[in-house]
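Below, in structure tokens: the form predicted alone, a single chain.
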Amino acid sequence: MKVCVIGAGAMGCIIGALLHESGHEVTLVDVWKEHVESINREGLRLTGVGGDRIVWVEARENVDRLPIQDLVLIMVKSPYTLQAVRSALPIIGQDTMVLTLQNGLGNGDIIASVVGPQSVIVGVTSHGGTVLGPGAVRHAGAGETVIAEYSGKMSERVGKLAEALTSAGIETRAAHNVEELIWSKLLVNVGINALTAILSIRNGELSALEPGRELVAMAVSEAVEVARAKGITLEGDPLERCLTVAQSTAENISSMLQDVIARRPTEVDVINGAIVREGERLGIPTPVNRALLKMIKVIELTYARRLR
């Protein structure tokens, strides 16, 4: 397949590199000039899961002169989804699959509004990674990836894409329940991202320390109540799953903590903020998630004046 990854952050680089290593024609696109130049000059340096190695994959700052792609993977931070998918329009053809594995609620809706729902595949992944610097990424943890048609219908192309991803070392299954899929991942992010960003700790500390587990339980229990009120069917124990992901990615620096460290806008609005908004609509109090949302907002607003 011809594959273009829009957003060569940690997960974009990891998935792009694995697909490239399995024989697909991959291009990474990112606005971070130094990152792009380093990848093209020295290769993408991967460490962690799968071993330390250099992957010689092409990187660009835009999609200019690229042909129509078979798969466009949107991996930017949620605040930049609309801009990213619009920038990719020149390489999206009638048969191009546009896949989002982003965090939070609403990315599939945004992408579908630009390219049409028939082109969109949504998914979640339990892989974790950290950008170590320009051209360098640590693959901190691996887990299942699940994808589905945005329409909710099963399709042959989703099955084939799941097989291609699995063959590349990204264990993937096809599903049909889009909302359940996204909410399942959302609950994991609700329990991990804001807390690690506020506390400045790695994922594993949340599962290893009793107070951390209690904080995760408080945030996730609110989200579960909101999900159930919406009629979302959740498989298994959401809290147990969240803690398992935290443990399996123990050494990972969450994406939100990476944003805070780099003084970037976070995705808190589409994670904890989504729980707060849905709770308000349904008349369900969400004080813990509201507090987490507001604390992250204060952190963002004081980046220039922070003591650490």
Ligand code: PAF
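Just so it is clear, the structure is predicted and the values come from calculations on it, not from any experiment. Quick note: we count residues from 1 along the sequence shown, nothing fancier.
As for the form predicted in complex with the ligand, it is not shown, yet the points below apply to it.
S.K.: Which one, S126, S119, T172, S87, lies within 4.5 Å of the ligand in the model of the complex by heavy atoms?
M.R.: Contact residue from the list: S126.
S.K.: Please pick out the stretch from 27 to 35, 276 to 284, 42 to 50, 244 to 252 that is in contact with the ligand in the model of the complex, where contact means heavy atoms within 4.5 Å.
M.R.: Every other range fails; the passing one is 244 to 252.
S.K.: Although the ligand is absent from this view, report whether A223 comes within 4.5 Å of it in the model of the complex, heavy atoms only.
M.R.: No.
S.K.: Looking at the partner-bound form in the model of the complex, is I192 within 4.5 Å of the ligand by any heavy atom?
M.R.: Flag for I192 set to yes.
S.K.: Although the ligand is absent from this view, report whether H139 comes within 4.5 Å of it in the model of the complex, heavy atoms only.
M.R.: Contact check for H139: no, nothing within 4.5 Å of the ligand in the model of the complex.
S.K.: With the partner left out here, check for me: in the model of the complex, does some heavy atom of N203 sit within 4.5 Å of the ligand?
M.R.: Result yes; N203 sits at the interface with the ligand in the model of the complex.
S.K.: Though the partner is not shown here, which residues of 86 to 109 have a heavy atom within 4.5 Å of the ligand in the model of the complex?
M.R.: Read in sequence order, the lone residue that approaches the ligand (within 4.5 Å, in the model of the complex) is N103.
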